[in-house]
Each structure stands twice: as structure tokens, then as C-alpha cells.
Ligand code: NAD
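Below sits a lone chain in C-alpha cells, taken as the form predicted on its own.
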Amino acid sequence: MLENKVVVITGGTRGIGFEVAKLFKKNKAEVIIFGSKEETVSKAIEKLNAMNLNVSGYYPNLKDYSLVEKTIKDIIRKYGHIDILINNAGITSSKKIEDTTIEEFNNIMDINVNAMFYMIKAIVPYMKENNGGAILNTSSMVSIYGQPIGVGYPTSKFAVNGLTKSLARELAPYNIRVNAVAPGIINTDMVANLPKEVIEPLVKTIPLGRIGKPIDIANAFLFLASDNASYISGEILSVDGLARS
């Protein structure tokens, strides 16, 4: 489905991003994963190589636009174009507002929103030159319903939805589609670290009766990245087992 496409995936070393990298590579894309550290990127590449899924990787500080821009230029020099961007890097918090420091809140916004903007800003000029592309952002079910504790994460994901819908309008004339996937409760490290009092009440609201798997989200990304979704832009696709707050 993605033959000859060059794909950049932030947060691609584990969880949803790693599953997306696997699935996209199986669909013949040229996959480049971004991670926060050289060690984690190297380990992820080793795991994928062991599956005969050869990818490359980088570890720029996504909070530094100059480093993001430099890395994107390096990728363009190597591959010639970037067709698909998956903005998946993100962090969360489950602290009460009185326990959340200004620095912690700002860091969530820096990673979940500002870094996403930096990636898009750096890549869009090349997508325009290449007559189009697809930008896919990881949102969350909490961007629609909020959550009972940890205000920074849902705040950032509300911003992701606004960025997605606005850029879909702005970039449509250039044949650049912008969509987001809003996962529900997915069996990842991030969810495993949340307290039971946050997770258990949410699971009870899911009519399908289970926590989602990373492949459930990867399949949604694959659809939106492919030509099967060529007439879809500005959508926030919920993949949550019909979860409700």
C-alpha cells in the first residue's frame, strides 16, 4: 500500500510508533524512525532488522527547531523526498493541578504540541515541492472527553486536533492531507504506568470490552496514509472501542 513512499515516524521506538513502523515497512515504505535517545533508536532498529524490516533512525531533540530542520534536510538529501509524516512522539502526566509544576506542564506542551508543529513546519516545504503528502498526528480520546486528572495531556491533545483541522484547510490546495488518530486505552508502556484508579473506570466504559492493541492504531494510520484515504482530510479518527467518558 505504501510502495516507494518515504515515511518519518516520531516516537517510533516503542508502543504505537514501533507498531506503525513495522506495519508501514511490511507495506513497502521506506521508514525512518525518530526517538529521544541514540540508545533507544539503535535498539528499535535492531529489533526491526531482526524481523527483516530494515529501517533507519535519528534522535534529534524535537524541542529544538534548528535540530529538527537540520535532520529533515539530511533525510531529504538521502532519500530525495518525504511523503508521509507520523507525529507520534508524546508524553503524559497523571498529577493533580496543584501538584503539577509549571515546568512539567510546559514540557508536555513542548513535546506534544510544539514539537509536532516543528516537524510539520520543517517538512511541508518539501511536500509542496513533491506535489503533496500526508501528515498524520496522534491525538487521543481525551482530546474529545477530557480526563479526571492530569490536565496537561488532554490540553495538548485538544491543541493537536485544532492544529490538524486548521492545517488540513491550509494545505489542501497543495494536495497535502492532514488527519489525526485518536486512540482510546491502548496497551502501551504509557498506559501501563498510569494508576489503576485512572484506567479501570475507563475500561468499564468500553462496549467492545477490551483495551486496544497497538496494531489497532497502526491499521488506522495505514489507512489514512494510503491512497485509500485520498479524499479524507481534517478528520480526527477515534479508535477507542467506542469508549466514552
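Quick caveat: nothing in here was measured; it's all calculated off a predicted structure. The numbering used is simple: start at 1 and walk along the sequence shown.
Below, we turn to the form predicted together with the ligand, even though it does not appear here.
Residue contact check for S139: one or more of its heavy atoms lie within 4.5 Å of the ligand in the predicted complex. Proximity of T205 to the ligand in the predicted complex: non-hydrogen atoms within 4.5 Å are absent; the residue sits far from the partner. Interface membership of I91, defined by any non-hydrogen atom within 4.5 Å of the ligand in the predicted complex, is confirmed. Although the partner is absent here, T188 sits close enough that one of its heavy atoms falls within 4.5 Å of the ligand in the predicted complex. The candidate stretches are 64-72, 49-57, 172-180, 30-38, and the one lying within 4.5 Å of the ligand in the predicted complex by heavy atoms is 30-38.
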